[in-house]
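A single chain comes next, written as structure tokens; it is the form predicted alone.
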């Protein structure tokens, strides 16, 4: 006998084999069915509910998918040979009950057992997002979810630039940008989406050029308009997460009110000179602690008490820090990972080099987000924070 044949005979003596019918019954009773074929094979069909791990990374990923070493594992390949080698490796890892599905997927399919054509990433996407695919918290399912997601960034400026760049790089499939302005040379100290060559170009168009150059597989939608009470719901309603990168209070109140009415998470950040802060306003996420912008500021201050944005200034890298944090919070929300900054505000003082987490209380009497509140309508406030002109 050849060495290969001897080895297979040894594995068949050591690894129990089950028929597709037995495997289906065992999976219904809690066993984990592992499809260890290559991606191009899985694309032709795979058992419903199978863990599609691939032979190449099986040993590295299996404990994240099936942490219980006592759980029965049913290993399937195309014809029942590779599954024997995979099963042996799993036994060496400590899994106590590992079995090979005899005849593999070919026999499974021929016997009419349930299978599906799974949606998978193509080769180019697998290469682009390979580091995400290695993370069990994201993986292929999470990456597909990101590609199906829609995020709206209000403001293509200092905060919107880094947030948009990293959301595009992460593979968020649809990115909307709301901004009525054009690129000015004074923007370039912090608004990294834009370049000197695009001074005078509408910001949403300049942003589209930059983001599509980074990731041509996403869709960038530009809304070159002022947000007001007549269009805010129409624009926001088509997106999953709203990222507030505005620098004026009137628009912040409008965004808040629309997000409360529509039940959208509002990832809010603001920067001032050497300081910045970020939180997530999302009352429907946590009815007890989830608050809105009006819980802190029921009404905007008179214009004479608000600092001029042009006069206040900001260190150019500060929006970069908080735009990145906004992107992280948006991705956490889209993938339902971790704890979003709901009811909490993260403050950073660059001069002292300190982050401070603050609790943000819900106002039980808030006219917009309190229990039983009836939406009072939108208000178009006069521009509160603007240049001296």
Partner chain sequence: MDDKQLERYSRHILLPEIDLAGQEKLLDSQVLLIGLGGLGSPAALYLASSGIGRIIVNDHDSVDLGNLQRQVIHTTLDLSRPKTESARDHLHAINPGLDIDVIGHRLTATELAHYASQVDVVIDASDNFITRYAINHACVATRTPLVWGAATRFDGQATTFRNDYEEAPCLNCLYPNQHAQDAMGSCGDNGVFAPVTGIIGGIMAAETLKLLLGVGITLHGRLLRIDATALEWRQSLFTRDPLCESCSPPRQAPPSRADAK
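All values derive from a computational prediction rather than experimental measurement. Here the rigid core means the biggest group of C-alpha atoms that line up within 1.5 Å when the two forms are laid on top of each other. Residue numbers count along the first chain shown, from 1.
What comes next is about the form predicted in complex with the partner chain, which is not displayed.
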property	result
is_contact(residue 341, the partner chain) in the predicted bound form, heavy atom dist at most 4.5 Å	yes
Contact label in the predicted bound form: residue 103 to the partner chain, heavy atom within 4.5 Å	no
Proximity of residue 285 to the partner chain in the predicted bound form, heavy atoms at 4.5 Å	no
Heavy atom of residue 252 within 4.5 Å of the partner chain in the predicted bound form	no
Complete contact of 137, 329 and 355 with the partner chain in the predicted bound form (any heavy atom, 4.5 Å)	yes
Listed residue that, although the partner chain is not shown, lies within 4.5 Å of it in the predicted bound form (heavy atoms), from 127, 299, 148, 219	127
Contact residue in the predicted bound form, chosen from 232, 86, 170, 204 - any heavy atom within 4.5 Å of the partner chain	170
Stretch in contact in the predicted bound form with the partner chain, which is absent here, among 253-261, 95-103, 160-168, 111-119 (heavy atoms within 4.5 Å)	160-168
Interface residues of 9-42 toward the partner chain, as seen in the predicted bound form [heavy atoms, 4.5 Å]	none
Residue 288 C-alpha relocation of at least 2 Å between this form and the one not shown, rigid core basis	yes
